[in-house]
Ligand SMILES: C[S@@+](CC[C@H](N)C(=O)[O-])C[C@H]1O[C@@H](n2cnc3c(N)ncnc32)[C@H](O)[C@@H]1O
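This document opens with one chain alone, in structure tokens, the form predicted alone.
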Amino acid sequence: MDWNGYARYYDWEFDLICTDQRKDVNLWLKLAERFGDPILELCCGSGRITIPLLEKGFTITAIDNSPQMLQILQKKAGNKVETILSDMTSFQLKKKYKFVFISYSSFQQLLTQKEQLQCLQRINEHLEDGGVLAMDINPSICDEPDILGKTHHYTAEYPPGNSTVTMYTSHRIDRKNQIKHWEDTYLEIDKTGNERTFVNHISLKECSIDAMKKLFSKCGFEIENIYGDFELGDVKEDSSNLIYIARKCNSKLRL
């Protein structure tokens, strides 16, 4: 995914269409209060979760692989947050954390088991003994038809550029590997009629509860809870978000 190119639209589009996902902010605040800081946030993006945590006084290190996203975060937060440019499979820091989290299904951008294990191993190495990892997983990424042709998703005013953006989306699903690939096209037209087109690709891997349990176990974690929503309710058949809470244990990594 071209996070640098998409950064100009991210905050605006999230506020426009992601109504249910906004409820997760209270979840991460609640978990931060429960598990304490220092906190390590992976895939922080432009700081949608980082900023509310900072405002509550938590100490956070925020990692992302997009320089543009981190620039936006730094502009919002000033010198109140430590930002690290890295992906979530290879970061190496000199401190350990009480609490690590990955929001908004970002762990599912890792499309192979090798990448998933590398990420969890890195996290384990950066957690204090008994530290906690939490992540938000979408359990139904592939619960749609195999192919969706280019489809109009929305047209809306884009205030930062005094223009209008029309977004078209399409997808295909790789059933063998349980990966959904999207192609999103953004057509931006300003008031003078000038056009700008940006095409973005994103792929997410479906992660079953059984698969997640095996990954955590291999990487030295014990699952404490799996919740079925942002209010920490029970897992249900129609849960669209599963919240995993896993604690670092003393067992050896089995990679």
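Fair warning: this is a prediction, and the values are worked out from it, not measured in the lab. One-based numbering along the sequence shown.
A second form of this protein, the form predicted together with the named molecule, is not displayed here; the remarks below concern that form.
Using a 4.5 Å heavy atom cut-off, state whether residue 65 contacts the named molecule in the model of the complex. Yes, residue 65 lies within 4.5 Å of the named molecule in the model of the complex.
Please determine whether residue 49 contacts the named molecule in the model of the complex, using a 4.5 Å cut-off between heavy atoms. Result yes; residue 49 sits at the interface with the named molecule in the model of the complex.
Does the 4.5 Å heavy atom contact test between residue 45 and the named molecule in the model of the complex come out positive? Taking the distances in the model of the complex, the answer for residue 45 is yes, it comes within 4.5 Å of the named molecule.
Check whether residue 110 has any heavy atom within 4.5 Å of a heavy atom of the named molecule in the model of the complex, and answer yes or no. Output for residue 110 is yes: heavy atoms within 4.5 Å of the named molecule.
If we take heavy atoms and a 4.5 Å cut-off, which stretch out of 154 to 162, 124 to 132, 171 to 179, 81 to 89 is in contact with the named molecule in the model of the complex? Within 4.5 Å of the partner lies stretch 81 to 89.
Of these, 106, 185, 138, 74, which has a heavy atom no more than 4.5 Å from the named molecule in the model of the complex? It is 106.
Listed residue (53, 27, 219, 69) with a non-hydrogen atom within 4.5 angstroms of the named molecule in the model of the complex: Contact check passes for 69.
Sequence-ordered residues of 1 to 23 touching the named molecule in the model of the complex, heavy atom within 4.5 Å: The stretch 1 to 23, when checked against the named molecule in the model of the complex, contributes 3, 10 at the 4.5 Å heavy-atom cut-off.
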